[in-house]
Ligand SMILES: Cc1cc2nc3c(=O)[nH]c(=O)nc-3n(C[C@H](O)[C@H](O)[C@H](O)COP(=O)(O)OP(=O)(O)OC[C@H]3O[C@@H](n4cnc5c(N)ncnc54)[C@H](O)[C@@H]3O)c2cc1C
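Shown next as structure tokens: one chain only, the form predicted on its own.
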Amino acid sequence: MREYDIVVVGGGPAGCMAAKYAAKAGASTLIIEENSAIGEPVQCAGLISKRAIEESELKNIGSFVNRELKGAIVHSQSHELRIESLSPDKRAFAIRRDIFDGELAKAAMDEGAELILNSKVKHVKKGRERKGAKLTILAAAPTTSTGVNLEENGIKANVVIGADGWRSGIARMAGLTVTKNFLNCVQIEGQYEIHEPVADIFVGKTIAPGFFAWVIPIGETTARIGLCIDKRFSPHPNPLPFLKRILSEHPIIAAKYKGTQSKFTAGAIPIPTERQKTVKTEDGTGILLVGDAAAQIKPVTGGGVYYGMKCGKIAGEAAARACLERNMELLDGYEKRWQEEIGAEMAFGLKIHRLRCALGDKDFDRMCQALSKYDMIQRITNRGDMDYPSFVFHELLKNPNIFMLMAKSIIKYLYAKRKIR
């Protein structure tokens, strides 16, 4: 039976970054990935910030960047709000997530982490040994590339990092809280009439209840077209009928979509809870959650790549230190550190999400119309940040007209807050 200091379950951005930083600190580290290849299947719109690329620490960005985008156009039912960034530091990038994730895994292995593919963890149990307690991980895989049958032999570790996505089996096995609420998402890639390198965002309860739809250019004539819904505020729990409707009926999307489809993806985005514990220590062993398993996402945009990598670094460092110093109490510092980094931003984002869920098409129209005024556009452009959207919202609330408009929606917000708990 092989032994490691740390086993990371899940080879996405959060898991790979956790493994990289654990191995970099000197801890023996293994990544277990249930799929046959890192980065597959793709379940992401693939739009990240320049800051996220920098956080990845990858150098050959040309291998995974499809296209650089200079801004976005937000479309309500009757208005549009154009937001363009003059600063290259605030540009966004449409990327190939499969290649991006693969590069992150290579970076982790370059630091000494090992990788096993096509292996799903079935059980994690704690046992006493002469050297102290260990976690035994049993994974369903016929035989690994090294000839080790995990089902029979298992793997032992002091710390398991659950980076296994929104369904997180590791969280359930550890008895940690798993969020019960999700955004249900669907997306295609297809031929689309593209005039400029900007993302189109479509808001409205009839478009995508509880969230929004998007068109993201990835080439000169191709785009990703998708949407998410919060089914608690939707007449239908499946997002696919909404996608089919906008492809065939929306006055902008249907006119530009050429009817071809090269890829189809579906998935879910966890909605954070206000009291979600991500660390469990017991008898000399520890379990951490990171990335989607910990619901470390931006409730306003649904993005999780940047937060996942940021928290993955913290998790890897904390786990390595706990193992090397043989003090599992050091793992508690992980939760404190990631909460300090992004906790306030996530909490604010939840408030915005609740309000969005309660707004109707006319509310979005009034909002876009008010924000279209020049001084508001300037504030959005100057303060806008896709990784920290609270910056721009706080700035907008300084405007009396916007504040009054938001105040009129307070009853709807309180209703949504009760329903969303």
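Residues carry their position along the shown sequence, with the first being 1. This is a predicted model, so every value here is computed, not measured.
One more form of this protein should be noted, the form predicted together with the named molecule, which is absent from this view; the next part is about it.
- request: Mind telling me which stretch in 198-206, 278-286, 303-311, 250-258 gets its heavy atoms within 4.5 Å of the named molecule in the predicted bound form?
  value: Within 4.5 Å of the partner lies stretch 303-311.
message: Quick check on residue 102: any heavy atom within 4.5 Å of the named molecule in the predicted bound form?
response: Residue-level check for residue 102: no, no contact with the named molecule.
field: Partner contact for residue 290 in the predicted bound form: the named molecule, 4.5 angstroms, heavy atom
entry: Yes, contact at 4.5 Å.
query: Even though the named molecule is not shown here, does residue 389 get within 4.5 Å of it in the predicted bound form, heavy atoms only?
result: Outside the cut-off, so no.
query: Just to confirm, residue 268 within 4.5 Å of the named molecule in the predicted bound form by heavy atoms?
result: Result yes; residue 268 sits at the interface with the named molecule in the predicted bound form.
Candidate from 297, 160, 113, 171 lying within 4.5 Å of the named molecule in the predicted bound form - any heavy atom: When the named molecule is considered in the predicted bound form, the option within 4.5 Å is 297.
message: Within 4.5 Å of the named molecule in the predicted bound form - does that hold for a heavy atom of every one of 71, 239 and 242?
response: No residue of the spot touches the named molecule in the predicted bound form.
Within 39-66, the residues that have a heavy atom no more than 4.5 Å from the named molecule in the predicted bound form: Contacts from 39-66: 43, 44, 45, 46, 47, 48.
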